[in-house]
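Heads up, the chain below is alone and in the form predicted on its own; it's given as structure tokens.
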Amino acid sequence: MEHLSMPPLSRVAICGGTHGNELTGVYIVKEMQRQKQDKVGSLSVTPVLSNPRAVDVCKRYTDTDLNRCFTSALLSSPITDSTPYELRRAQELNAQIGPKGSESAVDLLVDLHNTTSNMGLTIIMYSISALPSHIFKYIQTKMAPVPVAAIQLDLSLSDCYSLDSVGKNGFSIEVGPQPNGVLRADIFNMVKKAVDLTLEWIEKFNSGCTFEGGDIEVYSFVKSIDYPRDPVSGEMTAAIHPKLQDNDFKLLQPGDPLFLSFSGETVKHEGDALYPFFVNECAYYEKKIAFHLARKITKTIPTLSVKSN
């Protein structure tokens, strides 16, 4: 088994409100700020309310989706009078807890999200790098029997578009189902537990614990599926089929129902057996996405320990 050593982690950012109507992260960050929770043992913790304008009006965003503003190209783009608020805010956040790709960026950035989809607690990572993978494995073990899944998105650092890509290491936590603009205590407590376990893992890592490597199962993004649409008007002509609704991460076999048309016809899945996620996510209607599809794959992660001075 490969053995990897990394320097201790000293700075962590916990971000919420990247989407202003996803209230779990908003209130976890506000509570951390209220309690002045800026230290955990030797660790410096920065709670960040990512999109305060959107939080104030309880909207996903005011001008454009903040969680699509963190590519290297957008972060280096000039600011003009017509620049959307969220892009200005992205560059502010990059200066505060980044800059992205630099040695001065926070060691770990965790961004807290909600989804209207029935995804339980899901960790989203851009690549299966050792540190976020070990934290995922730790959360998954400690929170059992709560199901904890991991999604892998393969993009280069410069093309990574979400806030968690600003840290040296990072991941997002997506938890649902929770309606926009609503706070559920059970989901709040679930995310709070995952955040606490993340900080607990870091303290153990920094104190010299060795975390054994091994295999983890992750869902690797394949493609996005749009709703059936009228070829002329572009209007939707079907909704998610009741047999797919709320069945995120349940294997879709060829012939399984996907959509139920407004005239009563069933649209069935064609092609490979794949796993759906973000099924009927409210915020994705504007993106013309009904759900994503993924393959379940096994990844081997190395044993990990802190690098001694």
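Note that residue numbering follows the sequence shown and begins at 1. All values reported here derive from a predicted model rather than from experimental measurement.
Just so it is clear, the following notes concern the form predicted in complex with another copy of the chain, a form of the same protein that is not shown.
Contact here is defined as any heavy atom lying within 4.5 Å of another copy of the chain in the predicted bound form, and by that definition not a single one of V45, Y85 and F205 is a contact residue. Contact with another copy of the chain in the predicted bound form, defined as any heavy atom within 4.5 Å, is confined among 236-244, 37-45, 65-73, 268-276 to 236-244.
Taking S129, Q96, S158, N189 one by one, only a single residue has any non-hydrogen atom within 4.5 Å of another copy of the chain in the predicted bound form, and it is N189. Residue-level contacts in the predicted bound form: of L23, I301, A290, V12, one residue has a heavy atom within 4.5 Å of another copy of the chain, and it is L23.
Among heavy atoms of V182, some come within 4.5 Å of another copy of the chain in the predicted bound form. Another copy of the chain in the predicted bound form comes within 4.5 Å of no heavy atom belonging to Q152. Interface membership of K30, defined by any non-hydrogen atom within 4.5 Å of another copy of the chain in the predicted bound form, is confirmed. A residue is said to contact a partner when one of its heavy atoms sits within 4.5 Å of a partner heavy atom; Q140 fails this definition for another copy of the chain in the predicted bound form, lying far away. Residues L260, F262, S263 are the members of 260-277 with a non-hydrogen atom no more than 4.5 angstroms from another copy of the chain in the predicted bound form.
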